[in-house]
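Before any questions on how it binds or moves, here is one chain, the form predicted on its own, in structure tokens.
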Amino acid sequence: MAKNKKSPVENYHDRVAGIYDTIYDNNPYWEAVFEITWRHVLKFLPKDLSTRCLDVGCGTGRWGMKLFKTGYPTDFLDISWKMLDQVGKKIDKLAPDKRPELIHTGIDDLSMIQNETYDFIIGQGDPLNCADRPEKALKELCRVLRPGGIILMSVDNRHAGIFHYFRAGDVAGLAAFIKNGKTKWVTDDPSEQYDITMFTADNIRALCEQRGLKLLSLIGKTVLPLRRFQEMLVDRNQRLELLKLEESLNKVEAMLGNAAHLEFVAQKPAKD
């Protein structure tokens, strides 16, 4: 999608594209989150390896590359060309004879993609939060999803954003945020500060119902305080036990408020 001027969200992701993967390297907490995420993804992956997949808000392609390496034909979509360039370099290194589509756009506008193109859409890194109009973005994702297809996305949990307003002593801002989930991605550079929407579990259920999607799964990541106590994840046996406990609790409604992120899986109804 041609643009005359980059948006703040694109400015930010262009700047961090070259170092994005290193942000998460050798971090016990993020390694645990990625393992939990992939286990969740595996429960809903189609058995047919010819299934066409789309990684939206793909960043440097962590999740789309997993699908690609597994054998699924996978395309990559991001608002940042520099992120897509990182994906292209990985594809060239892994399989130079293959050319997935690298689609430069935000998820609010998927007009370049035909109806019912994909069977499986994954969106990690919370692209729905960055959409100007999340309801429209989900509508667009549903449009390009085939009947019976799956959407699996993570979103920022609104409960996790509350502490920002307490630290700032901003009661009026807190009241507005609790009501509508609107806030900003805060960086030092004003040209990179962009609006985001954070969601509650009820928001996700309502969005899925509005689009006629069947909600198959809703989990929190992570509902145990693993980030605060990530040193406990270094020992392998202890880590395995903590991940087991996490997965036994991350679907429990009362625990979802503890999580920084929510992840949902929804299915588009099949045609009669």
Ligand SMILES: C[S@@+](CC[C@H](N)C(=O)[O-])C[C@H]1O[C@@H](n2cnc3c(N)ncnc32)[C@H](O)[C@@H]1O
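Just count from 1 along the sequence shown to find any residue number. Source: prediction; values computed, not measured.
Omitted from view is the form predicted together with the ligand, to which the following refers.
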{"property": "One stretch from 105-113, 91-99, 67-75, 165-173 that, in the predicted bound form, holds residues within 4.5 Å of the ligand by heavy atom", "result": "105-113"}
{"property": "D126 within 4.5 Å of the ligand in the predicted bound form, heavy atoms", "result": "yes"}
{"property": "Exercise: N157 in contact with the ligand in the predicted bound form, heavy atom 4.5 Å", "result": "no"}
{"property": "C58, heavy atom within 4.5 angstroms of the ligand in the predicted bound form", "result": "yes"}
{"property": "In the predicted bound form, I151 touching the ligand (heavy atom, 4.5 Å)", "result": "no"}
{"property": "All of Y118, R146 and Q267 within 4.5 Å of the ligand in the predicted bound form, heavy atom check", "result": "no"}
{"property": "Residues of stretch 128-155 in contact with the ligand in the predicted bound form (4.5 Å, non-hydrogen atom)", "result": "C130, A131"}
